[in-house]
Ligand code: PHE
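In structure tokens, one chain follows: the form predicted on its own.
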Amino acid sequence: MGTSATPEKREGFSSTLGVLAATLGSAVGLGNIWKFPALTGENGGAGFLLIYLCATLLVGLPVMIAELTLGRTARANPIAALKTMSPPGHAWWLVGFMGMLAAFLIMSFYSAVVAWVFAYVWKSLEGSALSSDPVVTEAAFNSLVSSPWQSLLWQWVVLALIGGILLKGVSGGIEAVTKRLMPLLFVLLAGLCVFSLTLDEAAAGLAFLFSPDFAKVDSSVVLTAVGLAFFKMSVGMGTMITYGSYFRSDQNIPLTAGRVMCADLAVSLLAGIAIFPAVFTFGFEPSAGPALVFITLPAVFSQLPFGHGLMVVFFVLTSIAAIGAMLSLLEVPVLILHERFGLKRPQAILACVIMVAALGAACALSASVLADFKLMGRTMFGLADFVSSNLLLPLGGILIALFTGWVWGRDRFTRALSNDGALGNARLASLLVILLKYVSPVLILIVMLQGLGYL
């Protein structure tokens, strides 16, 4: 079955700023707000940061550039792109199908977490989750996740919002929204940072993030950094192939990817600067995950001047960080259903929202009525997270790297990356091919084996 739209009729991003904002929006997510800063502090601070940056250059960035280049060259969804660019009779298109499956699974549990964030925007406005006692804030969080109707209602609100943005199209929806939200995210983060740096224990919070402790750096820390570098660049699930297909023909892909990498890192570090001085000032444990975002931070904000308003700002910026990632995730199956299976774009969006809502309901209810329902020893939430994060994403990244380096080949990759010779980046292309052939797949494989419990 062929595509239903010709390249000339395909919508795309209209500006360089739009490309950067949309691509950055895909990379930035909830992990920037709590996971990255906490992992940095717990794994050696500046030492971990250095390893992460090296891993990004060796793993995350090459695969991201490869995906963007494949997408722009094919001007098609991930399945069609890999099918048309691979030799006849080969089944590389299955990598695109894996990406679509990964996007569905990630959306199913990610939408449940984002639903909590949106609920906390409302809770922040009404002040019901603001207390200096962590026992009270923990009870407020548990009452949310254990309530079936609240979990489902907020998840449906999130999916309706994402679907509504996608209905406005690529330039009028994804690009227009991310061009407004990404600058707002930086402004809000910068404001929180300025306030946080005035607190008594700001130095301790900064030391937690930036003081190197090389005694903590061992093989597990290195693997954590490599895994984070891969997952933070939003690769392995078809999102960058999809967004690359909307790039303009004169877009400098390596420069764009480099800017996204730097901006993504800046968001993560700003989040750490905003959060941890406050956490240390009031003697809380800087643990990662929901405990920090939904239990610890409300208790911290309650003890700060203007704490009520700061809490509202924090959860608004956290929801902003989540929106860009969700747009890119849902756009993958939407484009495939639209181009590959001939559905009109509104029909494809509605179908995807309904499918994610159905699958996501099982994840959203994993802390309440389905808490005792388990497959392979995991709740539906845990299973969707495990299969996508530890199997589908790394496997997709490995296969994209191998396809680009070995199947598509150096010559075609170099020509596409240089915009048909307009950019003088042949040496960079040669280096990237070496990384994609020999380095990135091996490092991703090691991370995958670790995630599956074989290392």
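Just so we're on the same page, rigid core means the largest C-alpha set that superposes within 1.5 Å between forms. Nothing here was measured: the structure is a model prediction, and the numbers come from that model. Numbers follow the displayed sequence, beginning with 1.
Another form exists, predicted together with the ligand; not displayed. Remarks below refer to it.
The single contact residue among T178, N77, T239, S111, judged by any heavy atom lying within 4.5 Å of the ligand in the model of the complex, is T239.
Proximity to the ligand in the model of the complex, taken as a non-hydrogen atom within 4.5 angstroms, holds for one residue of F231, F141, F208, F104, which is F231. The partner is not drawn, yet in the model of the complex one stretch among 327 to 335, 349 to 357, 219 to 227, 373 to 381 has residues with heavy atoms inside 4.5 Å of the ligand: 327 to 335. Put simply, G45 is far from the ligand in the model of the complex: not one heavy atom of it is within 4.5 Å. Although the partner is absent here, G31 lies within 4.5 Å of the ligand in the model of the complex, judged by heavy atoms. By the criterion of a heavy atom within 4.5 Å, S26 is counted among the residues contacting the ligand in the model of the complex. After superposing the rigid core, the Cα of P37 is displaced by 2 Å or more between the shown form and the other one.
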